[in-house]
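The chain that follows stands alone, in the form predicted on its own, written as structure tokens.
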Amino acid sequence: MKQAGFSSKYLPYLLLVPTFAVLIIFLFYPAFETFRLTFYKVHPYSGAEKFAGLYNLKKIFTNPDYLSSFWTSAIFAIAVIGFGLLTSLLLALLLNQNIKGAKIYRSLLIWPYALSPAIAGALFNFLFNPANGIIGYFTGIRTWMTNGSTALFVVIIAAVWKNLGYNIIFYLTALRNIPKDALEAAELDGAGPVRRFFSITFAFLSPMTFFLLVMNTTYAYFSAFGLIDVLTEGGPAESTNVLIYQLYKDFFVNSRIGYAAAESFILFMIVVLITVMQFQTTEKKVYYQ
């Protein structure tokens, strides 16, 4: 059988040109410019640049607003990752059972992921709005969005709900690939449901859990902007002002271009550091088949 190939040795590279062009224009060049502007002061109106060295980075770590958003982001990320993965796993285990209407339940739980963050924020604003929110009407509590602690709680719940379908899809796929022979053998040996889950089911789910841990970390730090912008705009009293929203305010509202570039660089390095730590620690407990 004749092996297929290209008529010219340059044709494969020519076909890759559009892909590389898109990557260079929309990924590599903006990333390089962000890194470069980290070390410059940029005039908000004229765009004139002046080399400032580490000035922007030093100023960031002495800014109380930025430090506050740093800890708010950490709380937000831990809650979204932990609560999100736990809830998704429990729901995936239930949906994996042979129950009537399971396909309908799966569809209903997965569809929130198809919504944009702005739509998800609008829905939760409709539920928790202090003036006419449905939750406030039934609970009698009108301070969900006007109290800092409860506002952050609402944002966390909204972020978890938005990403729930994504996690469930992957967990359901992993659950379908668990060998039934291993579960049946453990049951015959006298292992109870809890023992079978932690010794067998979760062991086979560990690669998928590690993957979702990394993806949810990225989601918590980078993808919550639209949700927060529609739902709280970082308030009240900066209680939901996470790093990505602080970056938006400094760049688009305050026109601090060099300073915002430094914030973007730091945010990127934070996520990279967390991801590396996850690979160095969590991956060691992952069981690959």
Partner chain sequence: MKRFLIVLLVLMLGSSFIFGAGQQEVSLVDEDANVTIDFWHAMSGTRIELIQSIVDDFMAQNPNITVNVQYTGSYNDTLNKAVSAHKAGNAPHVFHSYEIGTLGMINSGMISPVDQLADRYDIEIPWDDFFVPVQSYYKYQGRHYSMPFNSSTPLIFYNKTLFEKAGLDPENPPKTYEGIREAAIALKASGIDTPVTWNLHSWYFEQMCCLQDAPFVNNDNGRGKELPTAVLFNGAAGNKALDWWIGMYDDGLFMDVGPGWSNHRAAFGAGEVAMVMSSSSDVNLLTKSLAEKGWEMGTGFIPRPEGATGGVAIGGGSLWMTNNHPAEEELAALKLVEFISSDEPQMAWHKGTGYFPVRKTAMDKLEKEGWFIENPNYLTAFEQLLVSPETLNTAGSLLGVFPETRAIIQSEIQECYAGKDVSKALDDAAAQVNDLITEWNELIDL
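Please read all numbers here as calculations on a predicted model, not as lab measurements. Numbering follows the first chain given and starts at 1.
Quick note: we don't show the form predicted together with the partner chain, though the next part is all about it.
Of the residues given (Ala114, Ala131, Ile104, Leu188), Ala131 alone sits with a heavy atom within 4.5 Å of the partner chain in the predicted complex.
Leu27 falls outside the set of residues with a heavy atom inside 4.5 Å of the partner chain in the predicted complex. The closest non-hydrogen atom of Asn254 lies within 4.5 Å of the partner chain in the predicted complex. Under a 4.5 angstroms non-hydrogen atom cutoff, the partner chain in the predicted complex has Asp65 among its neighbouring residues. Of the heavy atoms in Thr146, some are within 4.5 Å of the partner chain in the predicted complex.
With the partner chain left out of view, the stretch that reaches within 4.5 Å of it through heavy atoms in the predicted complex is, among 66-74, 233-241, 260-268, 216-224, 233-241.
Shown here without its partner, the chain carries His43, Ala48 and Tyr55, all of which come within 4.5 Å of the partner chain in the predicted complex through at least one heavy atom.
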